[in-house]
Each structure stands twice: as C-alpha cells, then as structure tokens.
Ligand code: MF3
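Next comes just one chain, in structure tokens: the form predicted alone.
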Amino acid sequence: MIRLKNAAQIDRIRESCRMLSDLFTYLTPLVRPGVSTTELDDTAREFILARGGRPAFLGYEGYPASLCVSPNEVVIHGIPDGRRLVEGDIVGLDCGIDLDGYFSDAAITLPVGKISAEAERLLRVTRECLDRAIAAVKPGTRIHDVSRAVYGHAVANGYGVVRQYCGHGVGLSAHEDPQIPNYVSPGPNPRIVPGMVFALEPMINAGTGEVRVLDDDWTVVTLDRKLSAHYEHTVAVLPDGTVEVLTSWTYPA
C-alpha cells in the first residue's frame, strides 16, 4: 500500500532530510586516502545521535552499522569493517535518519583522491541517471517513466543496470511502497500523485548488471568485480503538485 503524506508530514520528513544533508556535507571531506570505513560509520552515528536523530539503518533487519560504506565493486550494503581507503578507490555512502518517526534516505559515491577517467565517467553518468529520474517525477506520470529514464541513459552509455535492488517509497518508515526499479519491470506501475515521497537510487555498474551477495548476507558486489556507482535522493511530490528534492549532497570538484 502506498502511503500518501500530507503537508505537515512532508514538513517533518523535510527536517529529517535536512539533517541527513548536513551529515553528507560533514562526511564528504573526510573521504580521503587512509580513512577507514569504520571511522566513517562511527562519525555518521555520532553526528546523527548528537542532533537528536536515530540511524535508520542500524539494526534494520539486522544490519550492524549506521552507514553503508561500499567501495569499488561493492554495489550497496557494504558493512564497515575497518578497511582503509586508498588513492583511486571510489566509495558509496548510503544513510538514512529516523527523526521522531520521519525518515530520510540518500546516497553518494565519492572519489578517494585522484581516480581514473573511467571511474569518473561512471560516477558522472550515474549522477545523470538520478537527475533524469527526478525530472521524470511529476503528477500524472508513472513509475515506469522514472525507471525508463534511468535505464535508457545507463544503457546508452554502455553500463549495466542492477535489477535485484531498487528505489522505494520512504518517509513514515525506511522502506515503503512503491518499488521503483531502475529498469522497466513487469511489476506494478502506479501513477504518481501528490503526497508521494520516494527514495530514487540508480545503481549502475561499469560491466554487467549482474550482482551477488557475499556470505555476510548483506554486501552486494558486481558479479564481474567491475566498479559500481550509487546515488540517491529523497524526493517529494508536494500537495500542490510541485516536486521537491528534499536531500542534498555536493559532489567534490
């Protein structure tokens, strides 16, 4: 069931999204050679708790951290494990905040120092996929229009699209209906209406779109071990029909 939000609820979700945006602003300059994935997770948890929020991912279906940290071939759900990032890595950071029962969700993939031209192109195209997904959100369009926008741009640039994981509704819980695949699936295709709040999140691979889950039952990696990128924003369709991107992050120049 899709849970439509009223203006007052969207205001509260917006507050959670502002806190999450502030977290990404704080974390981004910390992503550099030598930092450990555990240090990033500890920083995120302390930041959220100090501001009166709760890490939405911590304990969710047993997930053991506050921040998903996903280097290189890790698509999503990378568990912080003490690994230190090195020059040339890319790393996805994915986080959500529960602020008094109102949820935000966002992700960014960042370069660690200087990265290859091939890696930079993957990151750029994946950001463009997210931009196109957001542009497709408007009252009267359907979920498949959003999916088509992502898939078409990724495939036109020679990349694989992850099919096993997708975007979703968000706001009153961490994951809600509808599911929003990054390809045009045979599944439900609801019409977009005011009051919907989505977490849009293209997951784009440099090679095949196929993935597998490691033995920890969380970490998702590309099957061919090529790079993957992941970007995500929380987006609301306001009661007046306008569309607002509630989260923000700044990709480093």
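Just so we're clear, the structure is a prediction, and the values are computed from it rather than from any experiment. Counting begins at 1, following the sequence as shown.
This protein has a second form, the form predicted together with the named molecule, left out of what is shown; the following refers to that one.
Q: From the list His175, Arg83, Arg124, Lys138, which entry has a heavy atom within 4.5 Å of the named molecule in the predicted complex?
A: For this set of options, the contacting one is His175.
Q: Could you work out which of Ala44, Met196, Leu227, Cys68 is the residue within 4.5 angstroms of the named molecule in the predicted complex, going by heavy atoms?
A: Of the candidates Ala44, Met196, Leu227, Cys68, Cys68 is the one lying within 4.5 Å of the named molecule in the predicted complex.
Q: Quick one: find which of 180 to 188, 219 to 227, 204 to 212, 56 to 64 has residues within 4.5 Å of the named molecule in the predicted complex by heavy atom distance.
A: Among the candidates, contact is made by 56 to 64.
Q: Do all of Glu128, His153 and His233 end up near the named molecule in the predicted complex, with near meaning a heavy atom within 4.5 Å?
A: The answer is no: none of the three residues contacts the partner (heavy atom, 4.5 Å cut-off).
Q: State yes or no: in the predicted complex, is some non-hydrogen atom of His77 no more than 4.5 angstroms from a non-hydrogen atom of the named molecule?
A: Yes, His77 lies within 4.5 Å of the named molecule in the predicted complex.
Q: Flag His168 as yes or no: does it have a non-hydrogen atom within 4.5 angstroms of any non-hydrogen atom of the named molecule in the predicted complex?
A: Residue-level check for His168: yes, a contact with the named molecule.
Q: Evaluate Asp94 for contact with the named molecule in the predicted complex, applying a 4.5 angstroms cut-off between non-hydrogen atoms, and reply yes or no.
A: Because a heavy atom of Asp94 falls inside 4.5 Å of the named molecule in the predicted complex, the answer is yes.
Q: From first to last in sequence, which residues of 181 to 195 have any non-hydrogen atom within 4.5 angstroms of the named molecule in the predicted complex?
A: Residues within 4.5 Å: none in this stretch.
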